[in-house]
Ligand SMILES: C[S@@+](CC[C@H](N)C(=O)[O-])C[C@H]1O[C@@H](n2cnc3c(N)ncnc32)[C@H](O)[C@@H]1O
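First, one chain by itself: the form predicted alone, in structure tokens.
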């Protein structure tokens, strides 16, 4: 086991990522997430400190930043998180899909927009929390998108587009985007669901293709990566099976995670 005495570490400009937009690289930008782990910090930790060929673990995996970086470096990884939405996001971010398949499925989804009929959704079930955040016109289109996505046969592709839908929910709601607290923005210019969904899908599809191509080139496409829906205090990870732990524990005094995540998934 390797121990680092942080009292003797000098300030190093190599750890300054002020002008680096690493959250836009690979699949890191798929889904918004509170207090995201900066990818370039993980990248440097792996390159400078990870034990050769050892499995990397992140016990507070969140949206999978550590696991994505481990995969692009060809290292096996395992993560745990108690949030099922985080598990879904991480699965999609770490397992790129054949670009051709995604393009075909995306074409099917966008063509289905013409089938939307607001009258069909006028009597949609009332839900106190959902109706607090969403106006009827956005709620109806989101319900339609959700139904269309569930018709997709390929499980990975289905989850890919569910992640995209989850990401745009706050844009299509009355949620105040700039706040870490759940509150309504009475002056908000609410995004039209079909438009913002298509826009974000295109971004995700492009990043998926880049990630897929790079992993194929490096022969890392099948590098093991697992995300478990577990409590970090009691995981099923076997003892002595991990080479390096890279994690960022939740900021329990800074964020109300349940409130922040209520418009995801």
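The structure presented is a predicted model; accordingly, all values stated were derived computationally and were not measured. Positions refer to the first chain, counted from 1.
The same protein also has a form predicted in complex with this ligand, omitted here; what follows describes it.
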*Please run the contact check for residue 82 against this ligand in the predicted complex: heavy atoms, 4.5 angstroms, yes or no?*
yes
*Even though this ligand is not shown here, does residue 251 get within 4.5 Å of it in the predicted complex, heavy atoms only?*
yes
*Do residue 36 and this ligand share at least one heavy atom pair within 4.5 Å in the predicted complex?*
yes
*asked:* in the predicted complex, does residue 59 come within 4.5 Å of this ligand, counting heavy atoms only?
replied: yes
*asked:* Given a 4.5 Å cut-off on heavy atoms, tell me which of 192-200, 47-55, 230-238, 217-225 is the interface stretch with this ligand in the predicted complex.
replied: 230-238
